[in-house]
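In structure tokens, one chain follows: the form predicted on its own.
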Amino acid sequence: MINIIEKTQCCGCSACYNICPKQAITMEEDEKGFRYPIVDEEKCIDCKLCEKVCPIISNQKVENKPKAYACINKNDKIRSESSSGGIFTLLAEEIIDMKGIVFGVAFDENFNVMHKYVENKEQLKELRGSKYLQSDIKEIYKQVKAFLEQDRYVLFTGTPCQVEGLKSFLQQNYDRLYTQDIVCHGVPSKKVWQKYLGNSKNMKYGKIKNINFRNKKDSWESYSMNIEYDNYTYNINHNNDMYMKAFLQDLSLRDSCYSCHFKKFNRNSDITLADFWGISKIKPKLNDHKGISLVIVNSKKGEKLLGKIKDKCSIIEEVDIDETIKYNKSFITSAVQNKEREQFFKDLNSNMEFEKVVKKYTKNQSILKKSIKNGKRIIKKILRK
């Protein structure tokens, strides 16, 4: 029977929930807004399947030789709607062309995020773009298995822990299954997101129509949070948006994200996608500031799938994987827990306004960062003399 004693040892992947033959497990939110498995002991038959499929307990080892590529989708419209270079859409379209199914993350009617599947290219727009929130898996792993048993091609996309959760749940390899994970900073709390959306300052603008975490109108590097209301469009740089500040300063992440078991060089996915931060240092001529994807190929299946889309890429160029990791630390390094995280959540659960809570715990850090930057500049000047 799965028993979560240390919350750092549960990534919330829902593999245990999906595998339970007696529906004895439910995924319930804690006081911070993160989902954890709760076992109904009266229903439990102690089959231990939940423990068997837990990706943290099973700790799957992978031996491969990943390769890294800089890639850009030829379609400028798709690229502009995507967080980086628009490569997810090309991979997904290839699977759909094989009459396959694509699983990814979309907004529900309340703008919380969930996993769902699509079967046509038009629906892919729902899955495009970063969504900085832990998605609700529900019974998605069961649906993946059902399609695979119908001999359908499936592309499953998600965080590294969700991909590992799916692989553990399936308990066997499927030739028609393709998996794509991301370079993940960490997943913020649903409660933080709901408090942000319910901010009284924004309620006067009417109903939310669309949300884009990564609006690239100004530039790919300097993206903004964009929320379209009935009567107003909110658009602010990610460094100044309250939700993004809490996220990027590591206040709102899940406990397990600070000691992530899945940030590793040898991954269980076929392909890993990320923003290609550091491209201006590694391949400066490739950067037009509109977004470029870092594509890590982890398997022969992944290499074959990437090969099928190369004619639809304006750029597809192999790069030194070790060099790319220098500028994409989240590939292998966990976030460092903010020392004030616990107090942040206590204030979040009080009657204090969301914006005031975030300002309280990010103001001093911003000053500190500026001081460190200024100190580095001074030291560089001294060394040049």
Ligand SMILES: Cc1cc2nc3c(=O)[nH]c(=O)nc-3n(C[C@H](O)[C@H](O)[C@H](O)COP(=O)(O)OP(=O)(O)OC[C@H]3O[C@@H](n4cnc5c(N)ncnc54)[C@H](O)[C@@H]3O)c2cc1C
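Treat the numbers as computed from the prediction; the structure is a model and nothing was measured. In case it trips you up, residue 1 is the first one in the sequence shown, and so on.
The protein also exists as the form predicted in complex with the named molecule; that form is not presented, and the subsequent description refers to it.
* Since the chain is shown here on its own, which stretch among 171 to 179, 185 to 193, 93 to 101, 296 to 304 would lie within 4.5 Å of the named molecule in the model of the complex, judged by heavy atoms? -> Partner-contacting stretch among the options: 185 to 193.
* **Heavy atom of residue 138 within 4.5 Å of the named molecule in the model of the complex** => Output for residue 138 is no: heavy atoms all beyond 4.5 Å of the named molecule.
* Check whether residue 250 has any heavy atom within 4.5 Å of a heavy atom of the named molecule in the model of the complex, and answer yes or no. => No, residue 250 stays farther than 4.5 Å from the named molecule in the model of the complex.
* **the named molecule contact at residue 275 in the model of the complex, heavy atom, 4.5 Å** => Yes.
* To do: Indicate whether residue 132 is a 4.5 Å heavy atom neighbour of the named molecule in the model of the complex.
  => Yes - in the model of the complex, heavy atoms of residue 132 and the named molecule come within 4.5 Å of each other.
* Of the residues 225, 72, 127, 154, which one places a heavy atom within 4.5 Å of the named molecule in the model of the complex? -> Selected residue: 127.
* Asked: Of these, 244, 105, 144, 313, which has a heavy atom no more than 4.5 Å from the named molecule in the model of the complex?
  -> Result of the distance check: 105.
* To do: Any residue of 145 to 170 with a heavy atom within 4.5 Å of the named molecule in the model of the complex counts; write them all down in order.
  => Counting only heavy atoms within 4.5 Å of the named molecule in the model of the complex, the contacting residues of 145 to 170 are 157, 158, 159, 162.
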